[in-house]
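Given as structure tokens, the chain that follows is alone and in the form predicted alone.
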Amino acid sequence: MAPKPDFDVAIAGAGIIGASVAWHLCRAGLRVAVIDAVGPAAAASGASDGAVSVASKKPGLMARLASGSLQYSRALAVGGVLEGAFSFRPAYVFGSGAVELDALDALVAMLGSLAGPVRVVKDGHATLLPGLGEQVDRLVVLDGEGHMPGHKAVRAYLATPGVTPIWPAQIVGIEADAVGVTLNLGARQLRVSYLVAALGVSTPTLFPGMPILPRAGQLIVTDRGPRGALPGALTAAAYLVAKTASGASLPRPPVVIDPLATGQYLIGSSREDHSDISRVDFATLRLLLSRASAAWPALRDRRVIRAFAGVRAAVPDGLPIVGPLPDAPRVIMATGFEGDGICLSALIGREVALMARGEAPQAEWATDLAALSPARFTALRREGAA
């Protein structure tokens, strides 16, 4: 006979995805433990720019999920758990040169086809935004996007009664069977009915078959200046090109300029295939700063006070891994979001919570979520063996 569970669900990882899953499960009355090696928002969620952006997503599945999650995040911010964490703000996407102008055409077409909360309100010359650099050929102004600092959302979700925090703690082994999962924490063991693995770049430690790739990004923080000079995030269209599967060359760095509430700017970010958060590459930083200051010349009056590297969990096919393991359905993966976790957290948290209750996802999202299943990698291994 299997031992009685200590919790209904354990969530490995106290980032934005794990925290959202925990909140949704506690709302349903389940007993939930959140386990993390360090603590809340200690990795990618804490280093994120907080953009809840549809415009930055790949057309198709990812854009649809982002649009749905943005709508749901807005609902949770109206007197709900995300009130005080989520806010609206305009967004700006700029381009220079043929590659970026084509990307802007594709962006406008994608947003029109989605018919979601994000819409194009202006599309034209750089003069649409006072202060924009003369080298910008075209600017698209968007309405309906949001901003949600990861650390604020994580703490709001985890403040829910019913969440049992277990950190710092390391899961050193798992044993799954037909009715539950046993977790080895070294000094103790936990028995749970379901395990949600929202481990980010740490995923391969427990699940070596999951193809998670660490992808670092250089980030820059400036000193404080006048607030409100830039009303929302300013994104180079090269950033959109970098997230597509076309493999198109990038003649210019894919920079994002994010104005912070403090009057500072957060500038990023590169995409480097390593996991060394201590590796600050000055040549890359110089490229980012050059592109950023050309687009927003007011940055030339600011000083850099911090440069650091954040690490995202990427997947080779560019899609996150979400769903039960084929050979261990009581273990549910929710990892590999590579910078999209903040935006997708509300919807993914709700749908993964349904899975961890033994229920099917909402019918509206069943097909898209099926495409994210870890079973796609099992199928690839079998084909390779054949």
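Remember, predicted model here, so these are calculated numbers, not experimental data. Just count from 1 along the sequence shown to find any residue number.
What comes next is about the form predicted together with a small molecule, which does not appear here.
Peer 1: Among the candidate stretches 223-231, 132-140, 109-117, 308-316, which one is within 4.5 Å of the small molecule in the predicted bound form when only heavy atoms are counted?
Peer 2: Looking at the other structure, the answer is 308-316.
Peer 1: Which listed residue (Gly339, Gly68, Pro320, Gly323) meets the criterion of a heavy atom within 4.5 Å of the small molecule in the predicted bound form?
Peer 2: So the residue touching the small molecule in the predicted bound form, by this definition, is Gly339.
Peer 1: Of Cys26, Met62, Ala44, Leu347, which one comes within 4.5 Å of the small molecule in the predicted bound form, counting heavy atoms only?
Peer 2: If I apply the 4.5 Å criterion carefully, the residue I get is Ala44.
Peer 1: Are all three of Ala10, Leu158 and Thr164 close to the small molecule in the predicted bound form, meaning a heavy atom of each within 4.5 Å?
Peer 2: No: none of Ala10, Leu158 and Thr164 comes within 4.5 Å of the small molecule in the predicted bound form.
Peer 1: Does Ser293 reach the small molecule in the predicted bound form, with heavy atoms at most 4.5 Å apart?
Peer 2: Answer no; every heavy atom of Ser293 is more than 4.5 Å from the small molecule in the predicted bound form.
Peer 1: Could you confirm whether Glu351 comes within 4.5 Å of the small molecule in the predicted bound form, counting heavy atoms only?
Peer 2: Contact with the small molecule, no.
Peer 1: Val38 versus the small molecule, in the predicted bound form: is there a non-hydrogen atom within 4.5 Å?
Peer 2: Val38 belongs to the contact set for the small molecule.
Peer 1: Check whether Ile332 has any heavy atom within 4.5 Å of a heavy atom of the small molecule in the predicted bound form, and answer yes or no.
Peer 2: So Ile332 does not count as contacting the small molecule.
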